[in-house]
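Below, in structure tokens: the form predicted on its own, a single chain.
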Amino acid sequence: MGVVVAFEEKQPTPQIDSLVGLVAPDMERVNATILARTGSDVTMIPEVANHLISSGGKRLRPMLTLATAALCDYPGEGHVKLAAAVEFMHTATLLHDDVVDESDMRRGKLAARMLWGNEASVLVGDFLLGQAFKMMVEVGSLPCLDVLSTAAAVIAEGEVMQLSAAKDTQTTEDAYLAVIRAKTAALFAAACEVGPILARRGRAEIAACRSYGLNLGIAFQLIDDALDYGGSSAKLGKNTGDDFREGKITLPVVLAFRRGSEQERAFWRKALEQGEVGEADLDAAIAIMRKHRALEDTVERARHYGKMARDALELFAPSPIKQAMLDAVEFAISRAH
């Protein structure tokens, strides 16, 4: 059973309501597009896709596509299809992830693989990727297609990197950050980059939006890593301790392993490399992490990347949408409280 970590500097949780409100009209169109594009004569496809899509995810990535388009005063329609494409890419990776990780839960519900099987989850993920690329082509922007297709390849590379590092307690912090840059942050970065590209903004503004997304994505994942050991199932949308039970090497583990005694390292090797996890072992893992400030320092790292994300937006004039994007960074990090 997980324990709530008392992180320092507890503050009121900043909300993401301003971002949600500002992009709401466009988001309605994105949701309608998502529903339309999951339609298929093959009954299982909409069933599996909608099980995950309708399960209450924040849809932060497509919201960021809409937000950066608004930040750059984009007057057209293309951002709606690209935002839907981004959400389909994300959903496809979740379907594939749950198969690779053998996860039972996703967003507080049984994972699709538990209801329809691994084969259906993988194939429906492939269908969603196909629909995502179809929408990118319909928008007709080769630079946007380039950014999103590159992100798809990088995400797959990140998955393979994570697979090869799985259960390897020798993983370094740099190696782990390379995995989450590819696996998580690449889609955040691409989602933010296509807005200014559509708006035909200059190289500096495109790079600024990409930097915002990349650093926000890293911060978001690091907080998820900390929450797996110190959060609640409601905040995570999966069971606390899943990373531990699945033998995943995340930053809190990397830090605790490096800082620990030989006896503590033997514990991590037994639990993560050999998969010998007893009932009390999650609590033991959390106790070791607390002893070596591994969770607090993971959140501290997340704050560092959050600051870089906020700094990237300094290029843009003050506006309600810019403030909402700054608030989104606080929202991502404040989940640790």
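Heads up: residue numbers just count along the shown sequence, starting at 1. Bear in mind that the values here come from a model prediction, so they are computed numbers and not experimental data.
The form predicted together with another copy of the chain exists for this protein as well; it is not shown, and the discussion that follows is about that form.
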- Message: Between 177, 123, 72, 255, only one gets a heavy atom within 4.5 angstroms of another copy of the chain in the predicted bound form; which residue is that?
- Response: 123
- Message: Please identify the residue among 266, 207, 114, 100 with any heavy atom within 4.5 Å of another copy of the chain in the predicted bound form.
- Response: 100
- Item | Contact of residue 276 with another copy of the chain in the predicted bound form (heavy atom, 4.5 Å) | no
- Task: Using a 4.5 Å heavy atom cut-off, state whether residue 245 contacts another copy of the chain in the predicted bound form.
- Result: no
- Query: residue 173 near another copy of the chain in the predicted bound form, any heavy atom under 4.5 Å?
  - Reply: no
- Task: With heavy atoms only and a cut-off of 4.5 Å, decide whether residue 157 touches another copy of the chain in the predicted bound form.
- Result: yes
- Message: For the three residues 130, 161 and 164, which mark the spot I'm curious about, does each lie within 4.5 Å of another copy of the chain in the predicted bound form through at least one heavy atom?
- Response: yes
- If we take heavy atoms and a 4.5 Å cut-off, which stretch out of 77 to 85, 135 to 143, 217 to 225, 192 to 200 is in contact with another copy of the chain in the predicted bound form? 135 to 143
- Heavy atoms within 4.5 Å of another copy of the chain in the predicted bound form is the criterion; list the residues of 24 to 52 that meet it. 40, 41, 42, 44, 45
